[in-house]
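Only one chain comes next, encoded as structure tokens, the form predicted alone.
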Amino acid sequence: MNDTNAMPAIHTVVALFTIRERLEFLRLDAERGRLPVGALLPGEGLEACARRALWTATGIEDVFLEQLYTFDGEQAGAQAIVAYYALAPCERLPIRRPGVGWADPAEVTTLLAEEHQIIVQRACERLAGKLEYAPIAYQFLAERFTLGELQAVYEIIGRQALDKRNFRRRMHASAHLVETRDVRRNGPHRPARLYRLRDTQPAVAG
């Protein structure tokens, strides 16, 4: 006879965010307002489980992923649920599964089950809190980007306008930004210098 208590019933849930003019999270419409969920398999790590859940639901992989928090999963039929949030530029998110869409976190209370609402809300709080001490904003950008694009990410996540001159001075003084020799021309405007994230492991722990 199988011992059903031999393996704790642990689930992972992933809130994936991108920026498309505004911050948006991925929602499984076919499941009436859920986030990607996976049950931990024997011998499987938590992060591997979260990545598998995201891939199974959306076909998306190779994105930044970080553990958010753990909560009681009794209502979902699990002993515990470990929540993760994931970040990626919209250009790197080709969705290969039906029933998947993007939504505004401001509307989360009408779109998701209650336990998943809390995950999205806490993830948004975590993102805003990490702007000042970790290079979290760069996860939403392409490999090379302009300072204007970087500032737009800061303003969207932080939900406030920033002074252009002060922002650029602060970014140039940071240890994260590297100026390239390339520029990008957008319409008739003056070409904008392109930058990249310094090639170091970002300190993004919670």
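This is a predicted model, so every value here is computed, not measured. Residue positions are given as counts along the sequence shown, with the first one as 1.
The following text describes the form predicted in complex with the DNA, which does not appear among the structures shown.
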Inset, instruction - Answer with yes or no whether Arg198 is in contact with the DNA in the predicted complex, where contact means some heavy atom within 4.5 Å. - result: no
Inset, instruction - Indicate whether Asn166 is a 4.5 Å heavy atom neighbour of the DNA in the predicted complex. - result: yes
Inset, instruction - Would you please decide whether Ala192 lies within 4.5 angstroms of the DNA in the predicted complex, comparing each non-hydrogen atom pair? - result: yes
Legend entry - Residue contact check: Arg22 to the DNA in the predicted complex, 4.5 Å heavy atom: no
Inset, instruction - Report yes if all three of Gly148, Arg185 and Pro188 come within 4.5 Å of the DNA in the predicted complex by some heavy atom, otherwise no. - result: yes
Inset, instruction - Can you check 135-143, 60-68, 45-53, 156-164 and let me know which stretch has heavy atoms within 4.5 Å of the DNA in the predicted complex? - result: 156-164
